[in-house]
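Quick setup: one chain, the form predicted on its own, written in structure tokens, and binding and motion questions come after.
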Amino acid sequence: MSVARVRGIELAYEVAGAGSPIVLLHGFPFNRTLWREQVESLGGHHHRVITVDLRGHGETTATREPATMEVMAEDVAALLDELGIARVVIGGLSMGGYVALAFTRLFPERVRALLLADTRPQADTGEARLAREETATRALGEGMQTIADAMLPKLFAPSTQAERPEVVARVREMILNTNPQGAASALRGMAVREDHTKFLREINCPALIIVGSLDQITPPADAELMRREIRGSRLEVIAGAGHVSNVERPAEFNRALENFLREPEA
């Protein structure tokens, strides 16, 4: 693990492999280890894989103000400046996808290709914003155990919950280790995020969209919307996976990502 001191925080990250850089951004409320199987796969295939603990998650500093998607995207840009990297493939899952979209809008010249996994372009509804505030208040008052208990049934396909307790335990541990202040700040940042639906038509880099067929949180219909709106994009639906498709079905996820990265324009 390395730490970059950027924008008034300590940003934890790891770099594996050598070659073309790819940045992978985790969802809420996880950390960079969400991408363990992707790092192992891509790091040995001519890629420099950079995984980041987003603001308030993992070993990165938590701040009290809302951690907006733009703030997190600017953190990532500052890290790339520190590493001397101009252009990257950038990808994210769930909240990480929100950050990747914000990064693409803010720094289009830095994006060589884009991965959007189990995410959506739409802003929160009023009801969703209220729910995020309630969850933020609960995290600060009660800690992350109640957040884990509420989230876990929604994250996985039923078969994963029933047959792969080690996968569920791994994700639970990530949630429990998240700083409650960091979780609250991220929730409040997600609640005010911009609607990127119209922006999708402006994306002119290669894009891969991945979704689990059983994703309850950002279902395949959201992925299909992105495929329609992003010119030339590709959609891969992973059968039997829920919201954390990269953890539930890593072989299928990695195959789709590696095939995409092998294309000359990506």
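Numbers for residues come from their place in the sequence shown, where the first is 1. Bear in mind the structure is a predicted one, so any value in this text is a computation, not a measurement.
Absent from the display: the form predicted together with a small molecule. The rest refers to it.
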Note to self: So in the predicted bound form, is the small molecule close enough to residue 212 to count as touching (4.5 Å, heavy atoms)?
What the structure shows: no
Check: Using 4.5 Å between non-hydrogen atoms, is residue 175 touching the small molecule in the predicted bound form?
Finding: no
Notebook entry, point to check: Can residue 132 be called a contact residue for the small molecule in the predicted bound form at 4.5 Å between heavy atoms?
Noted result: yes
Notebook entry, point to check: Taking heavy atoms and a 4.5 Å cut-off, does residue 35 contact the small molecule in the predicted bound form?
Noted result: no
Checklist line | All of 151, 190 and 243 with a heavy atom within 4.5 Å of the small molecule in the predicted bound form | finding: yes
Checklist line | Of 39, 217, 62, 203, the one that lies within 4.5 Å of the small molecule in the predicted bound form (heavy atoms) | finding: 217
Next item on the list: Name the residue from 139, 102, 95, 88 that puts a heavy atom within 4.5 Å of the small molecule in the predicted bound form.
Entry: 95
Notebook entry, point to check: Hey, of 233-241, 195-203, 219-227, 22-30, which bit sits against the small molecule in the predicted bound form at 4.5 Å between non-hydrogen atoms?
Noted result: 22-30
